[in-house]
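One chain follows as structure tokens, the form predicted on its own.
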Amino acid sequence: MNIEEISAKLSWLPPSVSRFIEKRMKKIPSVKKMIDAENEKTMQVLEHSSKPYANKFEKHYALPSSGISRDRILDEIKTMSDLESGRWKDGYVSGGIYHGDNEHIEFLNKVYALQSQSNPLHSDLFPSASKFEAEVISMVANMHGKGTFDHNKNVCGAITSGGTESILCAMKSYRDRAREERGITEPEMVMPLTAHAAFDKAAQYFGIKQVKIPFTADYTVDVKAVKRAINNNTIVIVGSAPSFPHGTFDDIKALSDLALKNKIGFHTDCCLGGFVVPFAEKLGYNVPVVDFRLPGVTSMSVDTHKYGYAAKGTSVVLYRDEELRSHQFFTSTDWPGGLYFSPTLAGSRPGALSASCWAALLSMGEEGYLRATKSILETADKIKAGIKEIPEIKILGNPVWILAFASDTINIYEVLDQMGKKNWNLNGLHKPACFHIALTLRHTQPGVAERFLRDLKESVAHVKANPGSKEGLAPVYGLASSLPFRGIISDILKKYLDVIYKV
């Protein structure tokens, strides 16, 4: 019996029982041998896909005895850059590169070069960093309701390295506030099953129990189940606007009302939507209010390095007031090295990224973001219409511009593999089995949407005619989607990280 057959027989078990059985099974020599064989097979596939330069460039295991010429180093970097840029420049990649225009990139690179030595940790030495960051935070806060009512006038925030750090900072703030003000020592967060994995990371890092709520038929969180899950240890409720997997919007207003009524925090994860939703609303699209105009919203995460078109990696975490934000800050007052304080998880940070973020927002302006949002949403509408002509494929839920595709009749992961052979880099998902495309400005280029639909039709036709492929990543995705033993999948992912750091 192989892993897939074991999975099928035990898939009905609850997770806690599956974990218990898994631990026992790992101690049985024959089962351990089978698991190791599956891991080895999976690693061969993953290593092949992640190490394309294995035999193309010289490997450096230690410092060279004398320095290599800068021209040679630059040539090698350029060669790799040229090999990698074709897919995203031509619009074959889901998300990843959100702007990608050469002039925009060159402009941000010039800004970065001018500020390459800046470090916000040393605000006395680089006061420009404070200007850039404060103004970015203010611009983003004003996009999301700051000042619309008297109780919104104190909305504030901080610059982080990305959406994950924004979420980590917010969850730490809720944990520390609840401990200080309410004496909660066993904190819980109530969150959608579809919420970003960064909340899982925050729970693991900061000792917060997760209460995960399933989604309904429209792929949004079950609000009634959220209400039942709230208890005396609940410190925060989470909602996505939109969610990463399916691009759907949780009912932020209903969740905000629940948080307000129960006097607990509410975090809108708007990492993906932060620079789309405000402008979609102004363009007249049917998008919900998800920000500080809702009185129960107490924090938000908004990624400037996605649809804000800043360089990777910057994000903004917003708070309703400075009191809540203060729980994010770190201070050390009795260190022999002097007084130490920092606003986020990092100490030293690249001020050049904050400067280029500031420059991106100013150069785009409201008009630029409106134009970009209109192009992306029109492209999404075109693809949605085209999907109706492929009966084997369906779009999950009611998304706006992040579209997840599933099928009731064919193996969707085999379709994903076929799209990969046509040069597409898309996101494979599970629970349910599907894949998605996060549409960006790269996809608004002439002919890209039509090419996507044409390639998708051809991929579906190929899978219908040739089902049951054992090649590519389809078996890996299938295993990850169906196996009840999540520890085995975790082991595979850790081994994959080992591969990534292998010279």
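Numbering starts at 1 and runs along the sequence shown. Note that the coordinates shown come from a computational prediction; the quantities given were computed from them, not determined experimentally.
From this point on, the text means the form predicted together with a small molecule, which you will not see here.
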Exactly one of Phe244, Phe215, Tyr92, Tyr369 has a non-hydrogen atom within 4.5 Å of the small molecule in the model of the complex; which residue is it?
Phe244
Picking from Asp291, Asp303, Asp417, Glu133, the single residue whose non-hydrogen atoms come within 4.5 angstroms of the small molecule in the model of the complex is Asp303
Heavy atom of Ala170 within 4.5 Å of the small molecule in the model of the complex:
no
Answer with yes or no whether His196 is in contact with the small molecule in the model of the complex, where contact means some heavy atom within 4.5 Å.
yes
Quick one: does Thr164 come within 4.5 Å of the small molecule in the model of the complex, counting heavy atoms only?
yes
Answer with yes or no whether Cys271 is in contact with the small molecule in the model of the complex, where contact means some heavy atom within 4.5 Å.
yes
Within 4.5 Å of the small molecule in the model of the complex, counting heavy atoms only, one of 353-361, 156-164, 203-211, 384-392 shows up; tell me which.
156-164
